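Let's start with one chain on its own, the form predicted on its own, as structure tokens.
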Amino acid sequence: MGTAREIDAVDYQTLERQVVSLLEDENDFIANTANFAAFVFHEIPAVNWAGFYFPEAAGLVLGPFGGRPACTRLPRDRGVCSAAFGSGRTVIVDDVLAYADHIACDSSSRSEIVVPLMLDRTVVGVFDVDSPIASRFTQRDARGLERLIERLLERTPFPERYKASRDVSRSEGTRIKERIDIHTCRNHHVVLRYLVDEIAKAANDPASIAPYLARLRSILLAHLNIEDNWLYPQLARSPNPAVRSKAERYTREMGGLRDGFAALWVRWGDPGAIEGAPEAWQRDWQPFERAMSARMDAEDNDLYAAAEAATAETA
């Protein structure tokens, strides 16, 4: 299925050259999209489905793919594929079980990335990749898959019925992307609270805590990256001075949470560390857990409300 080392070692530059070679002497739409989906499914590790969805009147319809049979039609304005299609932006979901609008086609899927197919300013479809591993996809995968899609679009004439499907303006796409990011942040909190509860339940079985802590790390880091790279800069540009002040305060405080978890992980991330000193683990964990929980409460009730209001002001 793919080890962590294999996932990290994916060479997208080599894959890009291979895609160019695969499509070099063919320009048939069905042939190229079918070969492209099969190529990604077999060459990228730790995926259990890879394929296309194309627009129709009621939403999206299934195209060529690799993997188990999938949902044939997806309704408009619901699900990860529709989010990517509507915004014209790549969407990464670390945990599909925590994504409120996720449409489950395969119960074994845990994470997902969807890349829109852009011809000029028109979205002509999406390319969807699923994995049975939570938090499988990163921004590195997004950039790599986007380059592969670009090579496909350069060599493949698309049917006219798809080209007229949706013209995404910059402002509209940006606003939709912002709403998706806020929603993703809220979803991260749902998963983080679940993991905190599971760690508490495992207090009498220290050996079972490590997998929950590793999962918490992956979600927390993804969450902090969204806040650092989008949320705080977005609020810092607000014309409202109260919102700008809020962004500055949360930015300062977030550094403490990031550093606190980094220190916790250095001490307790190694196999066997927690079960070897469970009382010391609890002394380190409990203050961090209280700080993180308080932080999530403040974000849910204050920061994200400000972010949603700031987004609405630009609509």
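Numbers follow the displayed sequence, beginning with 1. Quick caveat, the model's predicted, so the values are computed rather than measured.
Another form, the form predicted together with a small molecule, is not on view; read the next lines as being about it.
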| property | result |
| --- | --- |
| Candidate site I92, F137 and A142: all three near the small molecule in the model of the complex by heavy atom within 4.5 Å | no |
| Among the candidates A38, A31, A70, A280, the residue which, in the model of the complex, approaches the small molecule to within 4.5 Å (heavy atoms) | A70 |
| One residue of I133, A200, L97, I103 in contact with the small molecule, assessed in the model of the complex (non-hydrogen atom, 4.5 angstroms) | I103 |
| Candidate stretches 262-270, 242-250, 46-54, 281-289 - the one whose heavy atoms come within 4.5 Å of the small molecule in the model of the complex | 46-54 |
| 4.5 Å heavy atom contact, V115 and the small molecule in the model of the complex | no |
| Non-hydrogen atom contact L74 with the small molecule in the model of the complex at 4.5 angstroms | yes |
| 4.5 angstroms heavy atom contact with the small molecule in the model of the complex for G125 | no |
| Proximity of L235 to the small molecule in the model of the complex, heavy atoms at 4.5 Å | no |
